[in-house]
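A lone chain, given as structure tokens: the form predicted alone.
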């Protein structure tokens, strides 16, 4: 869905929550194939049964890709990704977990390097069904201003 918004339209504290997505074994296998990361923590159930986690854990990069991908239901043609900061995986994701992502608008500031643009920080938190956070990051958007700052 397209939702055209200028820098001035973003309100700190505004929040949206995505639909859920259940993680499958196929997700693990496909992600390992795409990245080449076949570490036993992700692919070897017997190895993981003896670990502290007791079962296979999702790749952090997969958790990031799916967690952030869930937010891509809203497209703003006036904004684009500048980057991500403070990326953390505080809890593991396992096969069968259902995750969803909450996006909260944090700070917004005019961009000193790009006249007519501002930076908007989206605080992005992905949680699984028990409410525990499995991904935290700050998504920085570069957003066109309606009227350039003076």
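As the structure is a computational prediction, the values presented were derived from the model and not from experiment. Positions refer to the first chain, counted from 1.
There is also a form predicted together with a further copy of the same chain; it is not shown, and the following applies to it.
Site test, 91, 111 and 117 vs a further copy of the same chain in the model of the complex, non-hydrogen atom cutoff 4.5 Å: The answer is no; none of 91, 111 and 117 reaches a further copy of the same chain.
Residue 35, heavy atom within 4.5 angstroms of a further copy of the same chain in the model of the complex: Yes, contact at 4.5 Å.
Partner contact for residue 25 in the model of the complex: a further copy of the same chain, 4.5 angstroms, heavy atom: So residue 25 counts as contacting a further copy of the same chain.
Residue contact check: residue 20 to a further copy of the same chain in the model of the complex, 4.5 Å heavy atom: Yes - in the model of the complex, heavy atoms of residue 20 and a further copy of the same chain come within 4.5 Å of each other.
4.5 Å heavy atom contact, residue 133 and a further copy of the same chain in the model of the complex: It does not: once a further copy of the same chain is placed as it appears in the model of the complex, residue 133 has no heavy atom within 4.5 Å of it.
Any residue of 57-75 that, in the model of the complex, places a heavy atom within 4.5 Å of a further copy of the same chain: 61, 62, 64, 65, 66, 68, 69, 70, 72, 73, 74, 75, in sequence order.
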